[in-house]
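Take a look at this single chain, the form predicted on its own, given in structure tokens.
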């Protein structure tokens, strides 16, 4: 039964995506299949989290081949939590996309839902794999799905953004392959657990540091850390809002997941040079991202720059490199997936009503739509870390871990970034919701959408995410405990090695 559960987050998206291709141009059948597939994936993901929580790390060797040569799937608490968060977004995006007028029937007929499922499949595979080469393969599956989503519609701005996206990701994949080649050359294996044992004894070779730099560059590009983030603000604001929302919520987090997985399980950050490098990257990512956001007057571009800034907090947790810091980073990732997606959802609701993302052309939304304003308030001020909202808890644990580790500079930078985040969220609040809407002929000509449009599906998705954010804010303790256990599993590598290789580490190490 456990073996079946660990395959569900992969099998159901795969079957759904392939099945949808048999209904090419039959949008109704594709929608039914997607809704059914995403519902079953969500249910299976929650069950997998429960089993992992109860029984510890769960693994499966495909085809019963013996490790380290088998294709192994592993679910520890970190991967299981990420899979549940992905499945939640995969489910809710259906209702949002159905009401989003920027997702036309042509989008649906030409593989919108199969592409979405392939992207989710690649993300789930990245979280479950126990092999660094298979991680590369799942990244490519994710890249194909996300590229198809970014280009659907074929508008000039979309094509320009997607070309930048796919080019930089191909470069990142090539660097990743080079790193894998170096690892295989010195160890003869690509299995993460096998590599973990190997590098306990062979950690002084210069090739280990070269491989580490390759992985930092590759995963750094995919997660948009400083100075490798330039592709993100040029891409995420170009596709339909439903696409922007789900890629903004998930894709960069897969890169951060790979960074944390690699630099805890495979090559631990144990040198002062590497830790200082990561701390510097974290601080600069936070600062540059939030300064870029402050300068923007486009709703989606502002949120896109904030993705970069928030990635800095996640890297900060890895750089401090204590169980409490990594637990804080995992909590922050999960909080950010919900909050960031919801902010993009709300930007789309505003666009569907007003026909523009320009802050200078918007206004008066609080009087006309107080409930939507409340949804924005919850997510925006959670992103800024205002207590007791969920962002506060993530930042609190990261700051506490930083102070315990005497990393005062990065903690100070995180606090300054929090203040600038609050300023930029207050800027959106002032321009979009609080002030009177400017009335000019240009704006009236731009408003091709109207107040009578139904946004029920979009509201449903946004309310559901807001509800989860409120639950996380008022009752953080269960998730805090889960993330602390997840961090412990990453630092106590023997349990992971035993689950993947089916060995007793004490006996083997002797």
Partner chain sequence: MEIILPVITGFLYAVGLFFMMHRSFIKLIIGIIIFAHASNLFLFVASDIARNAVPFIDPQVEASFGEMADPLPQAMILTAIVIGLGIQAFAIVLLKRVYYVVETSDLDALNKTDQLTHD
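Numbering follows the first chain given and starts at 1. Everything quoted here is computed from the prediction, not taken from an experiment.
There is another form of this protein, the form predicted in complex with its partner chain, and it is not shown here; the text below is about that form.
- With the partner omitted from this view, the residue of 369, 353, 437, 301 that lies near its partner chain in the predicted complex is 301 [heavy atom within 4.5 Å].
- This chain is drawn without its partner chain; in the predicted complex, the residue among 381, 147, 429, 95 with a heavy atom within 4.5 Å of it is 147.
- With the partner left out here, its partner chain still marks one of 163-171, 254-262, 271-279, 96-104 in the predicted complex; by a 4.5 Å heavy atom cut-off that stretch is 163-171.
- Proximity of residue 404 to its partner chain in the predicted complex: non-hydrogen atoms within 4.5 Å are absent; the residue sits far from the partner.
- Using a 4.5 angstroms threshold between heavy atoms, residue 237 counts as touching its partner chain in the predicted complex.
- Although the partner is absent here, residue 136 is a contact residue: one of its heavy atoms lies within 4.5 angstroms of its partner chain in the predicted complex.
- Taking the partner from the other structure, its partner chain in the predicted complex has a heavy atom within 4.5 Å of a heavy atom of residue 296.
- Although the partner is absent from the chain shown here, none of 9, 30 and 227 has a heavy atom within 4.5 Å of its partner chain in the predicted complex.
- Residues 65, 69 are the ones in 49-75 with at least one heavy atom within 4.5 Å of its partner chain in the predicted complex, listed in sequence order.
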